[in-house]
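Following this are structure 1 and structure 2, which are two forms of one protein chain, each written alone as structure tokens.
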Structure 1
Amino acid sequence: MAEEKLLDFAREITGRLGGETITNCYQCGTCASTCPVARTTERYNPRQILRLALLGQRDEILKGDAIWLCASCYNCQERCPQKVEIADVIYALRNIAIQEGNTPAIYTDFATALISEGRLAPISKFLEKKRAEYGLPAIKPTGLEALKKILAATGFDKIVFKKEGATK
């Protein structure tokens, strides 16, 4: 049964966009030794995330803090001898965590900005005025109508705003 549970989570990850390569990992530790975050804080170790995931530790991974500490620098992915797409696997894990309502506050902010403005950083009145002074063209409006249809089709807002055990 334990075996089954283990395979379940691995299968769930490999079945997702980005997660396909996780089972190639043979735990050599190259990723951790090249990772700038692992060098900076003990809270983070990519090799360990992969091991826990492959051991079926679903809750620990999805409800914990570690998967949010990847800086997406792709250093590890570049050097993994097994061609595990580590940064992408971490995206896949984040995608699952968010689907289950474990969404760090900052990601709710990103999503809200995307949905309401079509951009992650709003343009202030001050900046608009400055732009004109410098002779920069006025900002073109974002394609918000089209974007909303795309986000509705992927279920984006439903994914993000499902709240359960939200972390931090």
Structure 2
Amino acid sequence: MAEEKLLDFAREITGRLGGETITNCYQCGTCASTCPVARTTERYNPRQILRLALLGQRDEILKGDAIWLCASCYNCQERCPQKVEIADVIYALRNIAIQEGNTPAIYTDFATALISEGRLAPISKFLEKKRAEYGLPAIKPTGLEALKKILAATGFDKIVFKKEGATK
């Protein structure tokens, strides 16, 4: 029974776009030794994430913050002797986490700003003034209505706000 649960998570990951190669990992550690994020914090270790995922530690992976620390530099993926597409596996894990409502608040904040303003950060009057002083063109409107149509067509707007307590 417990072994079946382990395999279920591995199957779920391999069934996702980007997660197909996770079972090729034999835990050599090349990914962790080349990861710039792993050098700066013990909170992120790609080898450990893959190990936990293969051991079926679903909640620890999807509810933790480690998968969100990957810088997507692809060093791990380029050097993996088993051709595990590690950065892509991390994306697959993030997608599962998002679908289950485990989105870090900062991503929800970015999504909220994108949906309501068409940008991740507002453009201040100060910035607009500085652009003019430097001879830069004015920032163009975002095309918010077109963006909202795209986000609605992709289901992005529904996925982002799935997290309990978040409002649209």
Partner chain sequence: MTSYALFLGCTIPARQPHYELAARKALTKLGIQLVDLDGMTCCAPPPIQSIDLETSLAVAAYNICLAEEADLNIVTLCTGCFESLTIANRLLKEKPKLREKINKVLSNAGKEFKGTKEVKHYLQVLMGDVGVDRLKQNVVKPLKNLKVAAFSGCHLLRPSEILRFDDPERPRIFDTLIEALGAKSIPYKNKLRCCGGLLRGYADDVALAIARDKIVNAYNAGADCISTLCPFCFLTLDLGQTLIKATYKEEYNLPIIHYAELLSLSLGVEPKELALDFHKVKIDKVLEKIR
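Residues are numbered by position in structure 1's sequence, first residue being 1. Rigid core: the largest C-alpha set superposing within 1.5 Å between the two forms. No experiment lies behind these values; they were computed from the predicted model shown.
- The form predicted in complex with the partner chain appears here as structure 1.
- Relative to the superposed rigid core, the position of the CA of residue 118 differs between the two structures by 2 Å or more.
- A displacement of 2 angstroms or greater separates the C-alpha positions of residue 134 between the two structures, with the rigid core held in common.
- Relative to the superposed rigid core, residue 16 undergoes a CA displacement smaller than 2 Å between the two structures.
- Core superposition gives residue 154 a CA displacement of 3.8 Å between the two structures.
- For residue 143, the Cα deviation between the two structures after core superposition amounts to 7.2 Å.
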